[in-house]
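What follows is one chain in structure tokens, specifically the form predicted on its own.
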């Protein structure tokens, strides 16, 4: 099963906000059993996609020198199910950023319809504790997430001016 729950970023403002999308395909494993005859994306996976969007946003502030982990979700409200064939848009906004962690407000929509609103607390593991618990490998910021962030930065950067054509000669 795939553990990255976002497909790409559509907007990324470092330290402030990030927007990502997830295209829900009926071919994804979780739809086979959740629920037979009425395939819906599990709420926990919707929250995980939102947490990945917010976690990358928070981690990028310190160039991923610290491990960013989801500490708690004090608030989450679901408005409707997300079904196969839909496209979810995850929006994460940093509410508070401190050395020990961050608070992110998240929203998930499908088109104009709200799917979920949540508040997520992320913790920064200090280097010693992070190494003791998880070693030097940054399990949060893996290769696929690094690629998604690279693409996000391309989206966020201003595009160069298009090449200018010489004036037409009469």
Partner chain sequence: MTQDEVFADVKAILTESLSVDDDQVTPQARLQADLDAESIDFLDIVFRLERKFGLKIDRNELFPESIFQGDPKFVQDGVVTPGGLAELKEKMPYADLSAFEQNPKFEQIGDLFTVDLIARYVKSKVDAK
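Because the structure is a prediction, the values reported are computed rather than measured. Positions refer to the first chain, counted from 1.
The same protein has a further form, the form predicted together with its partner chain, not shown here; the description that follows concerns it.
Asks: Heavy atoms within 4.5 Å of its partner chain in the model of the complex: which of the stretches 97-105, 110-118, 26-34, 53-61 has them?
Replies: Among the candidates, contact is made by 97-105.
Asks: So in the model of the complex, does any heavy atom of residue 40 sit within 4.5 Å of its partner chain?
Replies: No.
Asks: Is residue 72 part of the interface with its partner chain in the model of the complex - any heavy atom within 4.5 Å?
Replies: Taking the distances in the model of the complex, the answer for residue 72 is yes, it comes within 4.5 Å of its partner chain.
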